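Take a look at this one chain, the form predicted on its own, written out in structure tokens.
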């Protein structure tokens, strides 16, 4: 107390900081989130500015155990690190005290409600949706361009082998992923605008819209990253054996996209947070309270009706009704479990699978409505020919969310055929340079096979016509007597 210092300790090996980017070898100062204790009393989690490496020598400071965590599935250009602290002393003023303060006499002054700290996490999760859409569109560009070059399997007996992009099965693999990449990005932009609005409200001391934004960013981060991960793998496999080559750049794209399923909140945990919000809003809806705009459907969703043709807005309402029924089912199941278990965490654990399903369906419903509404706004600004392509992509996106319904499959297949003629032009419109794509399969000039061979020739195993191991291992084996 007299020295006005904090003493930082990592209590166990499992409490080590693990993963921060740049921590392994680059950073010499870190903002450490640590549990605050004053005279044995706990005051919660707070940020502290800590020097971890010497400013002159870059050696770890006394009591600091820091290093790089090793090779990863992807993103190996980032030196992610680990950090442990033992009796590391820092001045009191190195506690970041915007939201809470420790006075020189040791008195803790409580700041605004902890809910305000969600702002930074929300920002990061919105950025993740943008990032995974970027990776997904890269993969879609590579696979679509390759499919326009590769020819295989005649469709008509008297015709030459077509571009594999002409096969309906290939279109079903590629085109929904193009649509996902586009509408994930549009959704991220919409939520970004919501974030900016809420950030201003927080600055004015208002937090009314923060829970909705937090729930929305959680489920979109979880849903979009999981869908993008699966989509990139579908696109890789759509390129056959060539997609398995490192030079296709699918491994790097997949490594970056799949990482997003874990960092800034593991997806299952995030979906459960959204589900908690949804159940609360469902209960408020039963009480006829005003609900936030993204969940107003919970109060009045009814089974949609349609005839021989199904309008897009009907499909959106169908997804909202499915989400509502899922939330209702989870709510009713939790009520039953409370009669068995007195602990609320036990109830949540038992209902976990149902809650995750509810949050996932909510994400689908939000994305479908957002795609429909934003596409309609854009359509009014476009020339008819381009507007038609946008409508096709919107329908492909929403229909892909509803394909369990048999009567929609014919319509889906017709849209694939209609969109085929514009597929390459659309991915070219994403304007990824060959340098950014980094792929032998997705080059703009279409010289796939020339680039594949050139890349193969650069293999270290091709540096000599006969590898030296032939003399030391293979030749004795071949000429030896069995």
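These numbers come from a predicted model, not from an experiment. Numbering follows the first chain given and starts at 1.
A second form of this protein, the form predicted in complex with a small molecule, is not displayed here; the remarks below concern that form.
Peer 1: Which of these residues, 80, 357, 392, 370, gets a heavy atom within 4.5 Å of the small molecule in the model of the complex?
Peer 2: Contact check passes for 80.
Peer 1: Scan 164, 259, 102, 210 and let me know which has any heavy atom within 4.5 Å of the small molecule in the model of the complex.
Peer 2: Of the candidates 164, 259, 102, 210, 259 is the one lying within 4.5 Å of the small molecule in the model of the complex.
Peer 1: For the chain shown here without its partner, which stretch in 182-190, 264-272, 131-139, 237-245 has non-hydrogen atoms within 4.5 angstroms of the small molecule in the model of the complex?
Peer 2: Single hit among the candidates: 264-272.
Peer 1: Counting only non-hydrogen atoms and a 4.5 angstroms cut-off, does residue 20 reach the small molecule in the model of the complex?
Peer 2: Output for residue 20 is yes: heavy atoms within 4.5 Å of the small molecule.
Peer 1: Wondering, does residue 75 line up within 4.5 Å of the small molecule in the model of the complex on heavy atoms?
Peer 2: Result yes; residue 75 sits at the interface with the small molecule in the model of the complex.
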